[in-house]
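Two versions of one and the same chain are coming, encoded as structure tokens; call them structure 1 and structure 2.
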Structure 1
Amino acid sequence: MERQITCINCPVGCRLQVTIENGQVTRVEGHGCKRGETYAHQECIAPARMVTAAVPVADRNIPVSVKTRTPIPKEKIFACMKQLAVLSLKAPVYMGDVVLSDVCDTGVDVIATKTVE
């Protein structure tokens, strides 16, 4: 399988042609430097994103901002948002508090990035 992706390591934004066979990257073309090749492997085999969101807090008129502690598989972004949508957070929430552990069976916790007292 052939895929076209844009390298995000620097503003050049090389267009990479990636060949994937049996779940393995077998060929990368179009990269201007070594970092492009590494990125192609990672992005085509196991793309991951950190998810951030604003989540309502019961009885408070301001939401709390949260993030996944580390990136989670890209295809789980919306599933993660769904789990956050049904959370019932109560104040106080402190920066660093785990608001949701092991989101979507990724083993990654979602933590608060601000304090809502």
Structure 2
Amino acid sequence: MERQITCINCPVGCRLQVTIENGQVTRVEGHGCKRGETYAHQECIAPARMVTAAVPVADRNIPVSVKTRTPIPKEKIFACMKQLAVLSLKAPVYMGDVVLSDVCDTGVDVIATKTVE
């Protein structure tokens, strides 16, 4: 099977032609760097994304921005957002604090990306 994807690892946005056989990437063409080849393997076999969101902080007008520490499987993004939607934090929240552990049983924590005192 052939797939065409656009690499998102850098601003160049190389158009990649990926050949997949028996569930494995067998050929990648069109990449301008090694990152493109790595991205093609990951994207075609087990796509994953960073998730970013804003979570309310009790008694504050400003929410805290959060993100997953590492990318999570793409198919778990909506479940992750549902877990974040019901979360409410108490101040102070510091940058780097874990606000949700092991989101959607992925082993990945959601962390604060700014401080709200």
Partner chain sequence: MLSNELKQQVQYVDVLVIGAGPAGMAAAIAAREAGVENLLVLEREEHMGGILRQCIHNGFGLHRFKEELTGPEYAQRDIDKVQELGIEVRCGTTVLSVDEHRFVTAISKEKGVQLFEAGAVVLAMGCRERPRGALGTPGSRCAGVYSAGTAQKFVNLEGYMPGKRVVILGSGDIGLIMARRMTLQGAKVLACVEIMPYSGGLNRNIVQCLEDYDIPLLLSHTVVDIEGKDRLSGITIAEVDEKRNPIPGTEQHFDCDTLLLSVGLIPENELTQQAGVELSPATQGAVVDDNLQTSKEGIFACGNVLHVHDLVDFVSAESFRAGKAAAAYVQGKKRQGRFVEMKDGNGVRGVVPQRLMIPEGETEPVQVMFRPAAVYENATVVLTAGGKEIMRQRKRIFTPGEMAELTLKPEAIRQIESDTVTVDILA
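Only the largest set of C-alpha atoms that superpose within 1.5 Å between the two forms is called the rigid core. Here, a residue number simply tells you its place in the sequence of structure 1, counted from 1. Since the structure is predicted, the reported quantities are computational estimates derived from the model, not experimental observations.
Comparing the two isolated chains, structure 2 is the one taken from the form predicted alone; structure 1 is not. A rotation of 22° separates the smaller rigid part from the larger between the two structures once C-alpha atoms are superposed. Fit the two forms on the rigid core and the C-alpha of Cys10 turns out 4.5 Å off between the two structures.
CA movement of Asn22 between the two structures equals 3.2 Å, with the two forms superposed on the rigid core.
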